[in-house]
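Only one chain is shown below, in structure tokens, and it's the form predicted alone.
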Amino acid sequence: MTKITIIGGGPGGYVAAIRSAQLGGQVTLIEKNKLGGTCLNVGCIPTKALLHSAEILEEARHAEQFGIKLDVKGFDWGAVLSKKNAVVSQLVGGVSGLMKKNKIAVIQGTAKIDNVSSVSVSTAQGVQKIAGDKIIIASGSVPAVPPIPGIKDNPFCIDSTGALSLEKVPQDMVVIGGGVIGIELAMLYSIFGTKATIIEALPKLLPMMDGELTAILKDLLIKRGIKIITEAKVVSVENGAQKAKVNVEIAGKKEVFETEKVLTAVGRRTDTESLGLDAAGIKHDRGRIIAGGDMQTNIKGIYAIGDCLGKVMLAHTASAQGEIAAENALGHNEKYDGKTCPSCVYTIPEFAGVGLTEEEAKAEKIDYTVGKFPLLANGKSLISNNGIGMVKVILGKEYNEVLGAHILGPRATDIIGECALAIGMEAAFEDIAAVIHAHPTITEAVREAFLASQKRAIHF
């Protein structure tokens, strides 16, 4: 029986552990904090739990538009946090149960790789040696701290982890970074009453998402009262008596923002320092482990997946790579293909994309056609959120194959799965057009966008 040692119990590591066990491996999983990793404990799940509470509050405030009269007295922040904690606890408990069900040994401690056959684990009881045949590294990532004077060890400054457990909702907040984390948390706190300001160094928010739909989302954020400043550099943070002073350079001029909290949301960095990569001979680029499409590193029998690669830091990416690594560690020959990997932003409305953006298609000099369908013309969207949003699709010009799809609207993060499947199956326009979509649904707008690419849209 092949012995598999897995370092990290996040969505990459625990999925790799389960798949390894399914294939007959004897699995030991090492986790230094809590099972579920960043995603379940201080990332995807708690953020979305808080966002759902915000969404309920938002709907209650606007219920009269739908003929419902409610007396919204406000919110209980402590109860909001308790609900978030309960969801997290239940899911982490579920992962623990899956480990027992699949007979996976779990060790709490910090792992250091000796070689492909041995891992040393520092536990509360001392150092434990784990012998095995293959290793899968899924050590994850931690919030990046930008080299801005005054941020480190500043009581007014928090990272994404700290933002999920604030004792009270701050009066105001400056968010450094206009990526997914920054935008989601800015929207979340703005709904609960925080005056939020997003400061982004690049010319646009969400650089990996479609530019046209990102611009629409930006306008929606501004209408909500969120201030957005792009092409701006945070020079330093100073402490005042009650608030921090954030010094920002905008178009060559200095501007000062006083704020109760400064949220650093400039991304994440790999968490690999304790692994002993150099001593084990594992190639990496400043902590970012290098692996091939089979997820194997330069050391035969040692695989790496997820955030520790420093590339696409998404939970579902780590899970997909975890299955590939587990299968290859147990004798299969699989390759990871990220073309069907969606990117999701849990704003109100949601924003999701998969495949090429229009900007990427242009950069790659691909001949393409675009189809767009405004959700104002979709019945279910009109009912759900007054028709705010759009579906946009990118097709190859010669063969009409699906290259990319981008959705800003209700349930976009659920609907994007159809588009990912289309890309994975190398579907063409004709394949999507031939599928009957239920009415009334928001997914009808996906088909309409594809029809629009051939000037065949029915409802617009």
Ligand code: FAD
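Numbering starts at 1 and follows the sequence shown. Computed from a predicted model, the values in this text were never measured in an experiment.
Quick note: we don't show the form predicted in complex with the ligand, though the next part is all about it.
Counting any heavy atom within 4.5 Å as contact, can you tell me which stretch out of 389-397, 404-412, 65-73, 46-54 lines the ligand in the model of the complex? Going through the listed ranges, the match is 46-54.
- Query: Ok, Ile181, Cys157, Leu356, Ile324: which has a heavy atom sitting within 4.5 Å of the ligand in the model of the complex?
  - Reply: By the 4.5 Å criterion, the partner-contacting residue is Ile181.
* Identify which of Val262, Leu188, Leu275, Ala352 has a heavy atom within 4.5 Å of the ligand in the model of the complex; exactly one of them does. => Of the listed residues, the single hit is Leu275.
### Message
Against the ligand in the model of the complex, would Thr194 count as a contact residue? Criterion: heavy atoms within 4.5 Å.
### Response
Looking in the model of the complex, residue contacts with the ligand do not include Thr194, since no heavy atom lies within 4.5 Å.
Distance check, Ile7 to the ligand in the model of the complex, heavy atom within 4.5 Å:
Heavy-atom contact with the ligand at 4.5 Å: present for Ile7.
message: Can you work out whether Tyr368 and the ligand are in contact in the model of the complex, taking contact to mean some heavy atom pair no more than 4.5 Å apart?
response: Contact check for Tyr368: no, nothing within 4.5 Å of the ligand in the model of the complex.
Discussion item. Is Ala138 near the ligand? Define near as a heavy atom within 4.5 Å, in the model of the complex.
Written reply: Ala138: contacts the ligand in the model of the complex.
Whether Glu31, His316 and Tyr346 jointly form a contact site for the ligand in the model of the complex is the question; each needs a heavy atom within 4.5 Å. Checking in the model of the complex: Glu31, His316 and Tyr346 are all within 4.5 Å of the ligand.
#### Entry: in the model of the complex, residues of 254-272 near the ligand [heavy atom within 4.5 Å]
Contacting residues: Arg268, Asp271.
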